[in-house]
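As structure tokens, one chain now follows by itself in the form predicted alone.
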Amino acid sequence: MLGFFDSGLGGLAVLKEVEKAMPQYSYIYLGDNARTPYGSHSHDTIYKFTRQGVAYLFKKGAEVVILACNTASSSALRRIQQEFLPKYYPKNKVLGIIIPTAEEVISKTKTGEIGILATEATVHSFAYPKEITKMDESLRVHQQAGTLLVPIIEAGELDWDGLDSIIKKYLNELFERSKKIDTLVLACTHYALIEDKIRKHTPSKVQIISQGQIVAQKLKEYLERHPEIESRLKKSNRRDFYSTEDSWRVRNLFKLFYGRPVEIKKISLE
């Protein structure tokens, strides 16, 4: 199976696009909704939480796990690949979503100036500036933490009157740093639900990069390059959804991100 892990439910927007591109596989999704958001936690705590989630998905049969969460990808992926997998799951793979996104944004920018809207943890990790400038050191990357956005989205307050003013404030701060930014990365999968509001307050000349379709295409290419991994994946069209919290809020967010209601199995990672 292909496993997807997120601190909450934003990763469902990525899973939905991957399913469209590769419907033949079986998928298992885990959202750590009881402990979301991860963005304000320390890197060590994010690593601990992510490691627990990944281990659970492997025990449930996942061969490959995608960290469909920018915070987990930026703060925990490298340690999981270097420390956790070799010791406990040497035959399994854990992939992030930052490098595929970085590759895409580099191909899109014309001015060479890129904006990143992300959680505090992703911003403080400097994961995007590091990956983007590693590929092209001439590019300039400007970051902005959207600190309040994930808590508002997780609370289901998408129609709250104050949300627009908060988005506008963050974007104004970002574009004040440079008028040359022509590409904006929504570097948190939760932001897919408010992309229309973000677009409303973004200059029309600026391209917005959302991650679902990018990750779907890159994952498809990865499996084509690695038939030894692809051959181990089940093709039974099975879908399993797990959450560390089951509540009306979580069920509503599952429906919003995934597009339809699903049966949620509640589990504990502690």
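Since the structure is predicted, the reported quantities are computational estimates derived from the model, not experimental observations. Counting begins at 1, following the sequence as shown.
Below: the form predicted in complex with D-glutamic acid, not depicted.
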**Asked** Taking heavy atoms only, is residue 244 within 4.5 angstroms of D-glutamic acid in the predicted bound form?
**Response** no
**Message:** Contact with D-glutamic acid in the predicted bound form for residue 33, defined as at least one heavy atom pair within 4.5 Å: yes or no?
**Reply:** no
**Asked** Quick one: is residue 38 in contact with D-glutamic acid in the predicted bound form, heavy atoms, 4.5 Å cut-off?
**Response** yes
**Request:** Would you check, heavy atoms only and a 4.5 Å threshold, whether residue 75 touches D-glutamic acid in the predicted bound form?
**Result:** no
**Request:** Select, from the options 258-266, 244-252, 19-27, 5-13, the stretch whose residues sit within 4.5 angstroms of D-glutamic acid in the predicted bound form by heavy atom distance.
**Result:** 5-13
**Request:** Give, in sequence order, every residue of 181-200 that has a heavy atom within 4.5 Å of D-glutamic acid in the predicted bound form, or say none if there are no such residues.
**Result:** 187, 188, 189, 190
